[in-house]
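Quick heads-up: it's one chain on its own, the form predicted on its own, in structure tokens.
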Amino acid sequence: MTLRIGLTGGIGSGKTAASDYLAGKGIEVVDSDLIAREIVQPEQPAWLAIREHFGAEAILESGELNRPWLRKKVFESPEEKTWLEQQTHPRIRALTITRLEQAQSRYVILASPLLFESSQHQLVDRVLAIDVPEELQILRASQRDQNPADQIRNIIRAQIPRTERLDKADDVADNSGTLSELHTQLDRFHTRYLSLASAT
């Protein structure tokens, strides 16, 4: 079986920069965010269930989900949040497993911001966390997304605490410096993972 590496980190930590760099080395990346969007595309089973359950307001004229409306709905009702998760989480997990099993590269990356929170770490052999101090997270994420710092802090609070993420990870890349410095660390991990993959 192909060696599986979980890639995670808090908002603004540089997960995408890391996964893009390793993808450039020929490593396949299974992106949990993309899969979460894929399973609710128009006419997919989860999309059909959401439309039937919530009604037409949940769907935009384009056929895409009305995400702001849905977010408000599930924020106001824990029961609706639970229902929505029951529709989406098993499908996300099933498609994630399929994509991991289909990977042809020497090792495969599962990129997931909520790797531990969603128990997706159970699907991988090792976890690489991309880490930056919280204030740098807030600065980078607010610049990137044009969101206020308070909103970024709320997202950070909703994720696993930084110290716990680092404790649970097998490997940590410090991304508080330059992109070049991150790449140097990733080169070392890439070499290590290729070696581990050869041994399996």
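For every residue, the number given is its place in the sequence shown, counted from 1. Fair warning: this is a prediction, and the values are worked out from it, not measured in the lab.
Keep in mind that the form predicted in complex with a small molecule is not shown, yet the notes after this line are about it.
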Answer with yes or no whether residue 178 is in contact with the small molecule in the predicted complex, where contact means some heavy atom within 4.5 Å.
yes
Would you classify residue 11 as touching the small molecule in the predicted complex, given a 4.5 Å non-hydrogen atom cut-off?
yes
Is residue 153 part of the interface with the small molecule in the predicted complex - any heavy atom within 4.5 Å?
no
Just checking whether residue 162 would be counted as a contact of the small molecule in the predicted complex - the rule being heavy atoms within 4.5 angstroms.
no
Joint contact, 126, 192 and 195 to the small molecule in the predicted complex, by non-hydrogen atom at 4.5 Å:
no
Hey, of 140-148, 43-51, 163-171, 56-64, which bit sits against the small molecule in the predicted complex at 4.5 Å between non-hydrogen atoms?
140-148
